[in-house]
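Just one chain follows, in the form predicted on its own, and it is written as structure tokens.
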């Protein structure tokens, strides 16, 4: 190959690498999920935040990724994001609608509820027909029974909440197939799911706190830790505390 041809080949290869780096930076790093702002609806030192887990993300170009959604209090619609904002020194009353199936915890540590008011979460299971009574739970044994699907953990605040799941084979075979699981589809809203509620108090000073699911649920990735596990907007996000 002549010198000009080799130079041309090297230049083309270099530009291809640069293009790849730019694509990754813009597609995965540069684009951040929208922030759902709960500060305007806080009242009397409290605010209610609603999230949802789904076994797929059919509203994106990664439809097979598990994900969280957050309900926008101004529209009542679930937004595909994991970023939300709440006021400082406020009681946050969280509801998580858990539409995904069960996955055993790799570390029993993540089966303990920590950092919530009272050290518990309240769990109700909808089997497709009726809801079970809401029951306070402080510890889950995901190997004794299939009882956990994801976790909601804010390490910076010592918060860990296992998200309970439908726990029978029949329920896990009847999960919702279009996300978000309540959007304009009554049959999907009636799919088996859990309702998890808990509360915690935000710090008196502002700050940014990362939150994360600690169940490796990135199917098809090494040890399940890739894909949605490490991507903002899916299984990780952040809570902005506004002072």
Partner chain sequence: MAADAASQGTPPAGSRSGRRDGLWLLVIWIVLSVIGCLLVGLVWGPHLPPGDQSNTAASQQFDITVLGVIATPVIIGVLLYFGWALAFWRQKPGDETDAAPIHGNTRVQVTWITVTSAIVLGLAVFGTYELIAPAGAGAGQGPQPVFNHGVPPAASDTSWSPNSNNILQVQVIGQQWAWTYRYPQFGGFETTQLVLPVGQPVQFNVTSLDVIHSFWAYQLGVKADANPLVNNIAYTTPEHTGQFVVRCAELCGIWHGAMYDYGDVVSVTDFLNWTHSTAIKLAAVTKLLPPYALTYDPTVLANVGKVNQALGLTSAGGGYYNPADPEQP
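Please read all numbers here as calculations on a predicted model, not as lab measurements. Residue numbers count along the first chain shown, from 1.
One more form of this protein should be noted, the form predicted together with its partner chain, which is absent from this view; the next part is about it.
> Should residue 106 be counted as a contact of its partner chain in the predicted bound form, where contact means heavy atoms within 4.5 Å?
Judged by the heavy-atom cut-off of 4.5 Å, residue 106 is in contact with its partner chain in the predicted bound form.
> Residue-level question: is residue 139 within 4.5 Å of its partner chain in the predicted bound form, judged on heavy atoms?
Residue 139: contacts its partner chain in the predicted bound form.
> Even though its partner chain is not shown here, does residue 214 get within 4.5 Å of it in the predicted bound form, heavy atoms only?
Within the cut-off, so yes.
> Would residue 65 count as a contact of its partner chain in the predicted bound form, using a 4.5 angstroms cut-off between non-hydrogen atoms?
Yes, residue 65 lies within 4.5 Å of its partner chain in the predicted bound form.
> Please pick, from 134, 146, 88, 120, the one residue with any non-hydrogen atom lying within 4.5 angstroms of its partner chain in the predicted bound form.
The residue in contact is 146.
> Just to confirm, with a 4.5 Å cut-off on non-hydrogen atoms, which of 126, 78, 152, 110 contacts its partner chain in the predicted bound form?
Filtering the options by heavy-atom distance leaves 110.
> Just one stretch in 126-134, 165-173, 89-97, 67-75 has heavy atoms within 4.5 Å of its partner chain in the predicted bound form, so which one is it?
Within 4.5 Å of the partner lies stretch 165-173.
> Does any residue in 32-57 get within 4.5 Å of its partner chain in the predicted bound form, counting heavy atoms only, and if so which ones?
Contacting residues: none.
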